[in-house]
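Form predicted on its own, single chain, as structure tokens, below.
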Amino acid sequence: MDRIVKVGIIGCGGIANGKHMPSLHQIPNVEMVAFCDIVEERAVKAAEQYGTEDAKVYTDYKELLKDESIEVVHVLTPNKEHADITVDALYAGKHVMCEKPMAKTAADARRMVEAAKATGKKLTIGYQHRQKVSAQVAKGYVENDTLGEIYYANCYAVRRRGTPNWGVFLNEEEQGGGPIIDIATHSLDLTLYLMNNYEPALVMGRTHKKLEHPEAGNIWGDNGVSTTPLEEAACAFIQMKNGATILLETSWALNTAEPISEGSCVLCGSKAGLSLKDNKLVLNKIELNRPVKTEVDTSAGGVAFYDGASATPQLTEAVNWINCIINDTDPVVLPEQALVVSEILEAIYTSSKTGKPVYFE
């Protein structure tokens, strides 16, 4: 942990400022030495707040990639740009953390996986919900065979009125979709990770855009919500090759009285089940011929990585990522796993358009 890892930031917008840069800034052996954004003022501001004294600012990411001192790049741009920037960064000799979803399309995600394999550089995707304490405890139950064979699951990312209306969230060309690709991607990643099952057989999905006044009650106001062509809600049935089934529900805006935050899922196994909703972990099973339900205490209990740095999922993600670079180990989120998430999400959109299931070989 003594050596310094030099990081370049590509994209200095909301997710960079809200998640990546504050987390990296708390890790003592990380230096953010370069910042790039098409809006130069954003890169300048980021460099002033998080960079080294001699941090460089760019508006062209390809110029940043020429800096041989940079070991790691974080790609924090709109979804459409993920693949091209990531592939270029990998071939420039950088390890890459790319924000979720992996890419706008499954084909782009496959290009990213192929580039990582060809270059031997590490690639991971920003699915931080895996890194929650509750998720890691749930994973422990699965690996300990407490649940037995997991054959049925639900994954949720359901907002009542929470359509993001800043940046390019409502731009279909830049983002590729609505809540499916924005928030359901977190829940599906967590569900597949806990099940340790990445072999889909078929997907049947349906998107919905039905609300008369989708802007009404939106927590961030209107600002284009009424006119976006993107889906407001969606549901899907996913069958895995081993026969396990997953039901997916997601929405930005839906007339439901019971919203469920992204990163939520329910797993049902042959021995027991668990639910992870809104960061609350509940284990259920049968004991002495009686149904038993136990809420598991997953509080951090004061655990901290560094003084003043509590173990949030964002910080845990950053620390684990930097450690895998230093120790030359695999990242928590493997690119091949993230690719399957992208393939399933794309299949939901395709199925909705065609009205037919999408089959996987």
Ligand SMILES: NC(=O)c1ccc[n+]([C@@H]2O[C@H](COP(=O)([O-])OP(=O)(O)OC[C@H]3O[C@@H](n4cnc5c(N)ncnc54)[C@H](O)[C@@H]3O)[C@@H](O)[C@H]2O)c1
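What you see is a predicted model, and the numbers here were worked out from it, not measured in a lab. Position 1 is the first residue in the sequence shown; the rest follow in order.
The same protein also has a form predicted in complex with this ligand, omitted here; what follows describes it.
Enquirer: Do E31 and this ligand come within 4.5 Å of each other in the model of the complex, heavy atoms counted?
Expert: Judged by the heavy-atom cut-off of 4.5 Å, E31 is well away from this ligand in the model of the complex.
Enquirer: Under a 4.5 Å heavy atom criterion, is H186 part of the interface with this ligand in the model of the complex?
Expert: Yes, H186 sits close enough to this ligand in the model of the complex that at least one of its heavy atoms falls within 4.5 Å.
Enquirer: May I ask you to check whether V39 falls inside a 4.5 Å heavy atom distance of this ligand in the model of the complex?
Expert: Close contact exists here: in the model of the complex, V39 approaches this ligand to within 4.5 Å, heavy atoms only.
Enquirer: Are any of the heavy atoms in I10 no more than 4.5 Å from a heavy atom of this ligand in the model of the complex?
Expert: Result yes; I10 sits at the interface with this ligand in the model of the complex.
Enquirer: What I'd like checked is whether V133, Y193 and G263 together line this ligand in the model of the complex, meaning each has a non-hydrogen atom within 4.5 Å of it.
Expert: Not a single residue of the candidate spot has a heavy atom within 4.5 Å of this ligand in the model of the complex.
Enquirer: Tell me the stretch among 233-241, 268-276, 114-122, 80-88 that has any heavy atom within 4.5 angstroms of this ligand in the model of the complex.
Expert: Flagged stretch: 80-88.
Enquirer: Tell me, which of V225, L76, V73, C155 has a heavy atom within 4.5 angstroms of this ligand in the model of the complex?
Expert: Selected residue: L76.
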